[in-house]
Ligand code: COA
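A single chain comes next, written as structure tokens; it is the form predicted on its own.
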Amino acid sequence: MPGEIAIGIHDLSIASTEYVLTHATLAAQNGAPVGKYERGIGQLSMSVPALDEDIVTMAATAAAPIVERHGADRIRTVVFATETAVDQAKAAGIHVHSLLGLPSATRVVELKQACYGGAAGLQFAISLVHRDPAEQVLVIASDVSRYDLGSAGEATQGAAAVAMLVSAAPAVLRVEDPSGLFTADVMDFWRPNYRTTALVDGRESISAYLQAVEGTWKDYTERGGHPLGAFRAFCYHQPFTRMAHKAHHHLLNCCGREVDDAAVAHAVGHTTAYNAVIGNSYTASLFLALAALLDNADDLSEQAIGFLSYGSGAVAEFFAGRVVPGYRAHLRSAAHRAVVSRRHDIDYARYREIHEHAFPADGGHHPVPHETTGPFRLAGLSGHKRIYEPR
């Protein structure tokens, strides 16, 4: 529309962890063929946080380069999306606000709805910028995916953060109207307050995800969205990377298209590069897919990209974005690849030790050993308070 303000992602930065466990190591421990993981679910390895890393340290690490490049004068809001919060009351983003030295005249909130939270944060940010185009919003999605040892979900674990600067006249991606929405009361994945690991009904979750694909696309098209053929690629939430293939296969079926595996791979192939080696990062997963697409695909200038965010429970949204000409000059491709390559392999015993670590609930002084080589660390717990510091 003439005179309409373009709003979207002006900058994008990712972070992960100090350690990585390969699925070859996990398969050897479980006595399973490695192909069960690498071909069956499309996962090669999973990021594992060091003891002094968590959603806050990853979030600050992802966001710091954005603040360094653009400054913080126009950032009036920080939206932190996560389903692995470190506190039931205080937003994790306040710790990030402090670590990055953001202005006090800032609102900071935390969003939760399983893996959908990051997309919700992006949409809320767009509304704020539309109200005042001079403002920018820092949206951060950061999560650590944890399941019980030996459970079916264990192989899909992972950890990552994605930070996005949302602004008018974006340099990377313009987010377009309309959105297709879908909500259903489903117990496919959940984590009660008394548990540190999630519960999941795998079959129910896949079924609910595919139902959400169909529901969001129906709503999107009824509201005047682009036809299927208008999209160059599709970014799907990836609890495991083969799910992106299943989801696009289902979308093609819903649209009455002949399903061709090559066409599915063409639509989603570039989007799985980071998720395949990082694992499920919940709220960050969809935007890791976008980062992988932008970093690895041929020129996408003015191409429409479809986004499907799914959060168990369940809420989903389908929306479109259009890649801005000249976007490549603003990418952080080398830094993103370094996020993957800097991780150190650990064996299963070390992974298990980290997995089973928990702070005592006595509120005492519990320092954490220095492990991370990242810029921020969790120094410990004291008086029931988490203590963060630059490394």
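If you're wondering where the values come from, they're calculated on a predicted model, not measured in any experiment. The first residue of the sequence shown is number 1, and the count goes up from there.
The same protein also has a form predicted together with the ligand, omitted here; what follows describes it.
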- request: Go through Arg39, Arg69, Arg342, His365 and name the one with a heavy atom inside 4.5 Å of the ligand in the predicted bound form.
  value: Arg39
task: State the residue from Ala168, Val175, Leu228, Ile206 whose non-hydrogen atoms include one within 4.5 Å of the ligand in the predicted bound form.
output: Ile206
- prompt: Would Ile7, Pro103 and Pro133 all count as contacting the ligand in the predicted bound form, using a 4.5 Å heavy atom cut-off?
  reply: no
query: According to a 4.5 angstroms non-hydrogen atom cut-off, is Gly153 in contact with the ligand in the predicted bound form?
result: yes
message: Residue-level question: is Pro325 within 4.5 Å of the ligand in the predicted bound form, judged on heavy atoms?
response: no
query: Any of the heavy atoms of Phe234 lying within 4.5 Å of the ligand in the predicted bound form?
result: no
Partner proximity in the predicted bound form: Phe182 to the ligand, non-hydrogen atom cutoff 4.5 Å: no
- prompt: So which of 290-298, 211-219, 306-314, 270-278 is the stretch with heavy atoms within 4.5 Å of the ligand in the predicted bound form?
  reply: 306-314
message: Under the 4.5 Å heavy atom criterion, name the residues of 4-38 that approach the ligand in the predicted bound form, in sequence order.
response: Pro33, Gly35, Lys36
